[in-house]
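Before any questions on binding or motion, here is one chain by itself as structure tokens, the form predicted alone.
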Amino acid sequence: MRTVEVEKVKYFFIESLPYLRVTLLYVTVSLVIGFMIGAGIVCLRKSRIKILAAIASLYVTVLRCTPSIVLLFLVYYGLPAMLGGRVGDALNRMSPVFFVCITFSLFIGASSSEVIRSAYESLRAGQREAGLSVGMTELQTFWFILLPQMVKRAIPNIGNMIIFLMKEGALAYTIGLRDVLGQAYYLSARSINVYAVDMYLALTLIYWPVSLAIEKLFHILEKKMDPAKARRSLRKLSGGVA
């Protein structure tokens, strides 16, 4: 049995680490777009139009029950074929990172909608009415009173979603994306995967510290976020009555 070679682990680590920027790119884009989709889904689910609420609920159920690699293949292979024509040809020329961003934006859209909804519903019902009663607009009430508390409650879940994207996004190598894992597999294939164990150890040394750093960062943010500031703002605006 071949033993692990430190030099090979170092080689895979050094050669794959620069491609972390690709991983961070699709994680950031997917998270931003995904939360925008999630916010829209929450609005639809709270809509008085039953058909829209039903469609939004179905979207969340289907996306949360679909394996990420299945959706990735459906988007990468199915979307150009389904649209066809010039649009399909244009999509076939797009970089794999484009399809990865679409795939994980859809996933995060479903997951984030539940995070946003639960954060909103955890707030005391009277806070919105109290903000409006002191002359604040709906937007001001949401921005200064409700949103800080929602973010505080959602921070742990946001951190978990970023780590999820880091790990699940590694599947992007299956459609040819050269991110951290894709680059490592490319290098390993050049040696007919003789140094596969060394490669996986190098990947562990990349993914593990990054995931721990993200977890630590969001733990600090959670402590820094103080929902009491929102309540103090409300009391100040209401002259100490609220």
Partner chain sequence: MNIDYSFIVSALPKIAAFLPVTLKLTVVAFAVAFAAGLLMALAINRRIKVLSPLCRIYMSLIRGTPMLLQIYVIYNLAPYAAAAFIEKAGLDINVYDIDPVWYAYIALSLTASVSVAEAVRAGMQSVHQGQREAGLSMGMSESAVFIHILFPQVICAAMPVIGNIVVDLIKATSLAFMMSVTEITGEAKILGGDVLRYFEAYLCVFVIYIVVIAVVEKMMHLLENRMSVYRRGVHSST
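None of these values were measured; they are calculated from a predicted model. Residue numbers count along the first chain shown, from 1.
There is also a form predicted in complex with the partner chain; it is not shown, and the following applies to it.
A.B. asks: Choose from 147 to 155, 167 to 175, 94 to 102, 120 to 128 the stretch whose residues reach within 4.5 Å of the partner chain in the predicted bound form, heavy atoms counted.
C.D. replies: It is 167 to 175 that comes within 4.5 Å of the partner.
A.B. asks: Check whether Y186 has any heavy atom within 4.5 Å of a heavy atom of the partner chain in the predicted bound form, and answer yes or no.
C.D. replies: It does not: once the partner chain is placed as it appears in the predicted bound form, Y186 has no heavy atom within 4.5 Å of it.
A.B. asks: Can any non-hydrogen atom of I41 be found within 4.5 angstroms of the partner chain in the predicted bound form?
C.D. replies: Taking the distances in the predicted bound form, the answer for I41 is no, it never comes within 4.5 Å of the partner chain.
A.B. asks: Does the 4.5 Å heavy atom contact test between K216 and the partner chain in the predicted bound form come out positive?
C.D. replies: No - in the predicted bound form, heavy atoms of K216 and the partner chain never come within 4.5 Å of each other.
A.B. asks: With a 4.5 Å heavy atom cut-off, would you call V27 a contact of the partner chain in the predicted bound form?
C.D. replies: V27 lies outside the contact set for the partner chain.
A.B. asks: With the partner chain left out of view, choose which of S191, S57, T204, S47 has a non-hydrogen atom within 4.5 angstroms of it in the predicted bound form.
C.D. replies: Selected option: T204.
A.B. asks: Is every one of V6, I14 and P18 within 4.5 Å of the partner chain in the predicted bound form, counting heavy atoms?
C.D. replies: Contact check failed for every one of V6, I14 and P18.
A.B. asks: Going by the partner chain in the predicted bound form, which residues of 140 to 157 come within 4.5 Å of it through any heavy atom?
C.D. replies: Heavy-atom contacts within 4.5 Å come from no residue here.
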